[in-house]
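Next comes just one chain, in C-alpha cells: the form predicted on its own.
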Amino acid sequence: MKLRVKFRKFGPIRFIGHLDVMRFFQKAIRRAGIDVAYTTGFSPHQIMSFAAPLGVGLCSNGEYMDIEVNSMESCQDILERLNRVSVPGIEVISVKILPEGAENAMASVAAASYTVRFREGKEPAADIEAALPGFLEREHIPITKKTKKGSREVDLKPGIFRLEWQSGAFFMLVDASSGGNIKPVQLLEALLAECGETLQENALSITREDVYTDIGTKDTPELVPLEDIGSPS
C-alpha cells in the first residue's frame, strides 16, 4: 500500500539539506514502528520517494514523501506516530492512501507555489509593484542559467503561472518540473533587472507553500496539490 505524506519544514531545521531530511524520516519511520516495505536484494532500503527537494534555508508548508507499507491501522495513526517521534521544525500534516497506479511524488511534480518577502533593510529602491504589470506583459523573460555543463539562456515567461504582490510579499506559482524548474530568486532577479537594480545577497525570505501536479490535458492544464491525489482512509 502506497502512502503520500505531507509535512512542514520550518525554523532552524530549514538549514538541514535534503539528504539529511531523508535520513531523518528513515529513522523516524523505524522509531514509530511503521510496517514500512523494503526493497529486496543484498542492501534493502525503505521504499521512499520525495517530491522536488527543497533548497537549504527555505521554509515549507507543503513538502511530500511517498512511502510503501505492508500494513497499517489508519492514515491518522501513521500521522500521529510520525509526529510523536519527530523533531521541532518537521511536522506531518496529512497522510493519504495513493490510488493504484499513481505516479510517485518526484515524477508527479509540475509546479510549486511560494511566498517571498524582502528581509528588513534589503528592500529594493524601485517601485516593484508598479513595475510588475509591464514585466508580466513581456512576451519573453530571458535569463542566463548556469548549469554543470556551462551556461544557457532560458525563457522564464512560459513557466510563470501566477505572480502577484500583496501586502509586502510576492505570491507566485511557477513551473517546478524537471524540464522547466524556476527558482523564486531567478524570477526576482529578472524583475529587479527590469527596474535597473540587482538583488542583494541574502535579501529574500522564501516559503514554499505547496507542490502541484497536473491532472489536466496538454491543451487544458489543471494544477492541484499533490495532497489531492489520494484518500484519507
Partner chain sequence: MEGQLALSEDILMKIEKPERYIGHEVNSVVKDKDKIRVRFAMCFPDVYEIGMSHLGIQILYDMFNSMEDVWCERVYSPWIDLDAVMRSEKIPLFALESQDPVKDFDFLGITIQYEMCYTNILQVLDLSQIPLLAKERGEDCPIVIGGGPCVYNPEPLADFFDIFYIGEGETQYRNLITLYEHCKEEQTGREEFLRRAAKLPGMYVPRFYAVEYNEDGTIHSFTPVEDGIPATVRKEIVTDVTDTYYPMKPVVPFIKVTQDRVVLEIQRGCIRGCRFCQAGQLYRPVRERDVETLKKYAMEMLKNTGHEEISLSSLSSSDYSKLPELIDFLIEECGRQHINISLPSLRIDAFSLDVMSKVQDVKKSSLTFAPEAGSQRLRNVINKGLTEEAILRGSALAFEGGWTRVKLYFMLGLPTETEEDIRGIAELSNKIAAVFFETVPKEKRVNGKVQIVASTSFFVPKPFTPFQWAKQCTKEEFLDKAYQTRTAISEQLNQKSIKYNWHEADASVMEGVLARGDRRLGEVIRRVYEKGSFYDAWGEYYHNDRWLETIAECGLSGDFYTHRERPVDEILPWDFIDCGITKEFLVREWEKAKREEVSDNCKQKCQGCGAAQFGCGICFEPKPETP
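Numbering follows the first chain given and starts at 1. Keep in mind it's a predicted model, so treat the numbers as computed, not measured.
Beyond what is shown, the protein has a form predicted together with the partner chain; the following relates to that form.
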- Should the three residues R14, Q26 and P44 be counted as contacting the partner chain in the predicted complex, with contact defined as a heavy atom within 4.5 Å for each? yes
- Message: Please identify, from 191-199, 175-183, 160-168, 27-35, the stretch that has a heavy atom within 4.5 Å of the partner chain in the predicted complex.
- Response: 27-35
- Task: Evaluate M106 for contact with the partner chain in the predicted complex, applying a 4.5 angstroms cut-off between non-hydrogen atoms, and reply yes or no.
- Result: no
- Message: Check A126 for me: does it contact the partner chain in the predicted complex (non-hydrogen atoms, 4.5 angstroms)?
- Response: no
- Check whether R119 has any heavy atom within 4.5 Å of a heavy atom of the partner chain in the predicted complex, and answer yes or no. yes
- Message: Would you classify G134 as touching the partner chain in the predicted complex, given a 4.5 Å non-hydrogen atom cut-off?
- Response: no
- Query: So which of I93, M72, I143, V87 reaches within 4.5 angstroms of the partner chain in the predicted complex, heavy atom to heavy atom?
  - Reply: V87
- Note on the structure: Checked 48-70 against the partner chain in the predicted complex; residues with a heavy atom within 4.5 Å, sequence order, are V56, G57
